[in-house]
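What follows is one chain in structure tokens, specifically the form predicted alone.
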Amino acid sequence: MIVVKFGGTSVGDAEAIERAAGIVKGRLDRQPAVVVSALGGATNALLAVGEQAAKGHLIGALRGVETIRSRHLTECENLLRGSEAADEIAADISASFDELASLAEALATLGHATPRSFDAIASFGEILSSQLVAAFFRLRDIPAEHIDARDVFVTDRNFTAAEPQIDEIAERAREVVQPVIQEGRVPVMGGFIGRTADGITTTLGRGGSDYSASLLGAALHADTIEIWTDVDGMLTGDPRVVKGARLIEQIRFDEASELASFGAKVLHPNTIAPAVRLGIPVFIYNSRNPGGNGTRITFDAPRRPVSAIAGKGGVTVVKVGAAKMLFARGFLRQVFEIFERNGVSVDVVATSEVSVSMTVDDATGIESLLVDLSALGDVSVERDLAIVAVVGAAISDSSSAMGRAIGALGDLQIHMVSLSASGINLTIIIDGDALNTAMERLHGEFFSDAEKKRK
């Protein structure tokens, strides 16, 4: 049994859904369960409706509802034209958008929206796309059965970033999804969405559809999990920044997680965690190039000094210096408790005898954090920095790769350097406007044609 997940661009229109059907049909002998995202761009459009309504701009919100309705009805017509299911699915779509319009009117009356409201609005995208995809699959002789993902993915009440309840999901998957597979049918459900134990709709946050696929794969002990997107797989660098970025055909779980955390867009950091727990291989494929090799993520991939370069901007460094830190017990605990109390997440940490430096991706609300930290010592802040990460499972086996990485940056100013606790990621903090240059230099150092010949 396998889990096959299609992202928004892979179900973005009738042509894309046709390709998805061909991919699933070629895997029927492997008992696929299918997870789909909303139609490409639909989630952002839905959230914009909620924002407009909450500001009291009801006319604009209702126009947004009609625009999204028209798109879904057009794709329904393109996909199901002339079939018995066409009128029924179109009626269901219209009814859903009538419900959305009523919700927008209620929000406009209230004048504000809660995270719970935004989850209710955002959920329409996956609910509708999964209904459309299931109906079209049946026209292509795929024995598809639509399943409401909210009947499977049980979460807590942390709306917009709900935490899945693993044990409950496993139980629901066995009760709801497994029988469908055992009877020779193909379950089709939306990703991203879930439901609390008392029945309130939630979402898993950005990247939630991939996460849903991994959760389902773990719950059903799938043989593999396939993520179908619009790129060929994980690359040695961001192709928008570096020339000659190459496909990584095999990569280790820990390397893939690091790359996702440090800016690789093809994979969300949480995506593969459930698969890692059970050692289920994850494949990333391009739905526009179904015959491509893709990337295989697994425990037994080769250990390389450097597998890829990643980077991200918008980083802030917070430094706390205190002479008393040298001999003080619990100093770092106090620092991290202050970060936790202020709801600010720490990314990279570096320490010396008398100071600790930490990077922050989201500096929203950092002012109160700085006030609290000032009670411990001198506090300074550096903004508009960037992180460039050199990732490889064997990077710490010798100092040569790390030395080459630092040397490749040449005259670029380095604010901070850290080797991850796992020893697979050398993180370097640089000026924000030097990010692309740094990535180009590092990629050239480790992946140029000359380097390839040297190996």
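Keep in mind that what you see is a predicted model, and the values were worked out from it rather than measured. Sequential numbering from 1, following the sequence displayed.
This protein has a second form, the form predicted in complex with ligand ASP, left out of what is shown; the following refers to that one.
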Do Phe192 and ligand ASP come within 4.5 Å of each other in the predicted complex, heavy atoms counted? yes
With a 4.5 Å heavy atom cut-off, would you call Gly207 a contact of ligand ASP in the predicted complex? yes
Could you confirm whether Thr43 comes within 4.5 Å of ligand ASP in the predicted complex, counting heavy atoms only? yes
May I ask you to check whether Ser37 falls inside a 4.5 Å heavy atom distance of ligand ASP in the predicted complex? yes
Options 152 to 160, 91 to 99, 371 to 379, 207 to 215; stretch whose heavy atom lies within 4.5 Å of ligand ASP in the predicted complex: 207 to 215
